[in-house]
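As a starting point, one isolated chain is supplied in structure tokens, in the form predicted on its own.
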Amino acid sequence: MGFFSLRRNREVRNEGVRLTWGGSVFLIGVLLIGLTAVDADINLLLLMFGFCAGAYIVNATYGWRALRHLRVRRVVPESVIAGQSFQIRYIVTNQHRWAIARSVVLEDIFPGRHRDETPQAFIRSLRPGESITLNVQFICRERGRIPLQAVRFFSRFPFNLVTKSVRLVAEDELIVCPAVGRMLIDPTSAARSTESSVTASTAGRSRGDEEYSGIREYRHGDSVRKIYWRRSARTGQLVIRETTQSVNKQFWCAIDTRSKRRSQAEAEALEKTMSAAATFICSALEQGASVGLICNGDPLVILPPGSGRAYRPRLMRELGLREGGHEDSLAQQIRRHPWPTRWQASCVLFSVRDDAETRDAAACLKRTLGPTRCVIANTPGFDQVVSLSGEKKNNVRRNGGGKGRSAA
């Protein structure tokens, strides 16, 4: 299944029978017919009352056996991107021996969400022992962890007078990663401050990241360190090794998540910060760079620089699960952690606030890792670095939701 996880339901619970709006109106009419028939002693009305009451009984009892014997397996991706459509797969099986399930609606239960904002799928008919696969397209608007608790089956067949429903416990979770926008500048230039561009360009040379390209004659002004002494002694003429400077594509993405828990403005700024960091990480990885992640909190998150498609889900998942409101100083946490020399690289610091703590963290990152650039949410510099298309107001990190449609 790759990056997909399967969970089986472990419990079936009846939710009972309830009247629909049309069924309530119809019931009032049936009661009036019954009262009139008894009062006037009209046999035709009594017969009509019996037919109407029988319709209620048939609607309330038909299909119960098949509904209670439905089983489902939910297949969800391990992580998704906020604002992007993804697919949830439901494998439904009718385990009853002879009852046919007709006109059944499958509804996933997302805590804190209205029914219209949860995935739904329609099953026209499911024979005994038959299985069907339902693919539902869904969109989560907000970042975070969504616990999936149960799946509900309900049916109003055949007369749409009452709703019969059962709930199947199927625990799972969905990780929604931050929305990804568009980098307005190259990630390489975003990771280098203007005052430290020379230092960044020579960082590879100081670590010996050079590639051999050939041999040529020694020229006046060439470095003595590049002389190929063994070849020079054999040929009697000074020659030097020619090397090309390998491009050092290793960057750090640091995030300062300090924000007030009850501040709506800072909550929205935090979501912008996370989306900007996700955009930078994805753009850098697409260009073949190695990216590491630093995020304050309890505990401090440090993921060493890595590259490739397999590393992107790990970084994005961490951004999706990271909460705001941590008052832990990023600078103090960085000072307490040992940093190997091989990790030194340019860094981009994304922060919600532009205060002394942020500037202290930037200075600490510069001394520890390398040239550091600050990107603060809701500032002109932020809009010059990244564009977050489809921004949504009140985008607080909570459970996600969106209208789902089925495609059997």
Partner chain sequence: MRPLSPLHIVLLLLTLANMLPAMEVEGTWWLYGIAIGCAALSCLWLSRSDGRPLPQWVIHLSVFASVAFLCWEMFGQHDEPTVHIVDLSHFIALLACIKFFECVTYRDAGLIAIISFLLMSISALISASPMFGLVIALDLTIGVGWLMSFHAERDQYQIETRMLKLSGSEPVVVSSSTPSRKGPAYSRAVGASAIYLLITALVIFVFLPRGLYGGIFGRMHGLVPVSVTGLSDVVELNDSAVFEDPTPVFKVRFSKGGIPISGEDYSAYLRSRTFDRYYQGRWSGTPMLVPRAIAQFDPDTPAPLIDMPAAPALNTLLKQEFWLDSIGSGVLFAVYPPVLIDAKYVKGLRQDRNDFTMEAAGIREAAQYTVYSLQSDAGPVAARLRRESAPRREFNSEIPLRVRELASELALRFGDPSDAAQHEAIARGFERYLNSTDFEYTLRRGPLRKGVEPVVDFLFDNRRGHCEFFATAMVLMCQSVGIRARLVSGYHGGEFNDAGGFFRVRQKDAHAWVEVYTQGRGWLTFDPTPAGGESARRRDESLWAQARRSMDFLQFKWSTWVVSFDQESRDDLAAGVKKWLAKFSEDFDERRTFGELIKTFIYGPDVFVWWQRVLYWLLLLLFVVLVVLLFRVLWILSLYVRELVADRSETQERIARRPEARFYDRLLLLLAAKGHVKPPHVTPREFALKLSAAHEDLRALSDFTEWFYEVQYGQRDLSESRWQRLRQFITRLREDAAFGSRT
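Take the two forms, find the largest set of C-alpha atoms that superpose within 1.5 Å, and that set is the rigid core. Just so it is clear, the model here is predicted, and its values are computed rather than measured. Numbering follows the first chain given and starts at 1.
Beyond the structure shown, there is the form predicted together with its partner chain, which is absent from this document and is the topic of what follows.
Between its partner chain and L47, S103 and Q137, in the model of the complex, does every residue show a non-hydrogen atom at 4.5 Å or closer?
Checked in the model of the complex: all three residues contact its partner chain.
Tell me, yes or no, whether S283 is in contact with its partner chain in the model of the complex, where a contact means a heavy atom of each within 4.5 Å.
No, S283 stays farther than 4.5 Å from its partner chain in the model of the complex.
Could you tell me if P158 has a non-hydrogen atom within 4.5 Å of its partner chain in the model of the complex?
Yes, P158 lies within 4.5 Å of its partner chain in the model of the complex.
Taking its partner chain as it sits in the model of the complex, is V38 in contact with it (heavy atom to heavy atom, 4.5 Å or less)?
Taking the distances in the model of the complex, the answer for V38 is yes, it comes within 4.5 Å of its partner chain.
4.5 Å heavy atom contact, T61 and its partner chain in the model of the complex
Although its partner chain is absent here, T61 would touch it in the model of the complex, with heavy atoms inside 4.5 Å.
Can you pick out, from Q95, Q237, Q332, S131, the residue that has a heavy atom within 4.5 Å of its partner chain in the model of the complex?
It is S131 that has a heavy atom within 4.5 Å of the partner.
Within 4.5 Å, heavy atoms only, which of S307, Q120, S165, S232 is in contact with its partner chain in the model of the complex?
The option sitting close enough to the partner is Q120.
Of 47-55, 379-387, 341-349, 363-371, which is the one stretch near its partner chain in the model of the complex, taking non-hydrogen atoms within 4.5 angstroms as near?
Looking at the partner contacts, the answer comes out as 47-55.
Taking the rigid core as the superposition reference, indicate whether the CA of C374 shifts 2 angstroms or more between this form and the one not shown.
False for C374: its C-alpha shift is below 2 Å.
After superposing the rigid core, is the C-alpha displacement of F51 2 Å or more between this form and the one not shown?
True for F51: a C-alpha shift of 2 Å or more.
Rigid-core frame, C-alpha of G63, shift of 2 angstroms or more between this form and the one not shown
Moves: no, less than 2 Å.
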